[in-house]
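Here you'll find one protein chain in two forms, each presented separately as structure tokens under the names structure 1 and structure 2.
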Structure 1
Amino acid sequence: MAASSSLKNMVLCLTGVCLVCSAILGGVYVLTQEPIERAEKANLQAALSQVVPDGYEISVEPVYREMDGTRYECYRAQGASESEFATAVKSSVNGFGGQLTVLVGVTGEGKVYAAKVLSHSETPGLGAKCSDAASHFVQQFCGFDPAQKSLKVTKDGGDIDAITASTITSRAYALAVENAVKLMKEDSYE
């Protein structure tokens, strides 16, 4: 004998299906949370070693700094002598597709050592080129001296060549780098 199609039966059936699906989703979240956190930590450590000079010892614990109401996660890296140091700054800005997070290595002299995209939501094939470490766009930030040049795209009167057809992403990336450099100029680790 089939169950009658009543509002009560439909609500009970739908509630049961929702509870089972919610339990499955919750279980998957609990099972994957720790491996995802480990993978994110490993990716951050790999990125840190790429944005500070070779041979520098990078602090494991981040230091948090605030500038203009924004909180930045910073990692200090120490060279062979006390005068040799760099700082890796996690800088996030809004790009064309959403949040763009860049890890920027700034030397003690205030120069950009290197920058690496940690996460983005930019358009594949266009703005996503900002995450290609071998591209001309990314390479022009390596060794960039903001005391000599402007961290703005050429379209805005600066010295950064934008990614073709991705001016908004290029501006966002340059702003993320500029914010990291500005933070290190204003902040001392004494």
Structure 2
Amino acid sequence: MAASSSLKNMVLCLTGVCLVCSAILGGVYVLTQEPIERAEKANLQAALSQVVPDGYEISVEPVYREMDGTRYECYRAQGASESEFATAVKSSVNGFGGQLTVLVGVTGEGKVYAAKVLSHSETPGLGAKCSDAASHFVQQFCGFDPAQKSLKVTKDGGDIDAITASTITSRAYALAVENAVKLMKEDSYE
């Protein structure tokens, strides 16, 4: 039933299949390109709007800032008046299981508005709780004023209550927030 396995047949068949498949893929790629970009943008927009005050005009174009040789991706947000602004900083540190990336919203006065985990590989059920927006751990960063309190976990003499049994994750998370705050502090001196 199947065509004979002569060299000509095999080459023809493989080439044909590859051509048809690449044509299909190219077509689907072109069709989905726009929705993919839109989905990514919506995703970013949603994350950004959670860490800056409501009603701020967010620019989805990243600006880059450097501190201690590390480059940070930042997004500006502008409030109603000139003096009302905030910056969302993408801050990556090493957590317990791997890279922990936190999006930190820092207001113009240098306070933390809110922070949100973008990606992590922490232990499920333990360190992974740092991505639960409703938890006490995440909530305590909302409105945190680094001038009044210290961005260290209580175990290290600071004011951050660590997640139970996940001190390393909590430390890393606090460090990510601290880096973002420091970056914005340096930035305002420019």
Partner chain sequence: MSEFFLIIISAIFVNNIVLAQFLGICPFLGVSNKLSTATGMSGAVCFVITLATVVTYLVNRYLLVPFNLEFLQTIAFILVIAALVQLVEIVLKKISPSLYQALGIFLPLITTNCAVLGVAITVVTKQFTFSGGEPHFFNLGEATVYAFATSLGYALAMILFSGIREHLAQSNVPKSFKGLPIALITVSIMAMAFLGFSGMVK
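Rigid core here is just the name for the largest C-alpha set that superposes within 1.5 Å across the two forms. Since the model is a prediction, treat every value here as computed from it, not as a measurement. Numbers follow structure 1, counted from its first residue as 1.
Review point. Is structure 1 or structure 2 the form predicted on its own?
Key: It is the first structure (the form predicted on its own) rather than the second.
Which of 147, 45, 99, 136 lies at the hinge where one rigid part of the chain turns against the other between structure 1 and structure 2?
The hinge between the moving rigid parts is marked by 45.
* Please work out, using C-alpha superpositions, how far the smaller rigid part turns between structure 1 and structure 2, and give the answer in whole degrees. => Smaller part versus larger part, rotated 21 degrees.
Enter the rigid core superposed C-alpha shift of residue 23 between structure 1 and structure 2, rounded to one decimal in Å.
Here residue 23 registers a C-alpha shift of 13.8 Å.
Distance the CA of residue 35 travels between structure 1 and structure 2 [rigid core superposed, Å]: Here residue 35 registers a C-alpha shift of 6.7 Å.
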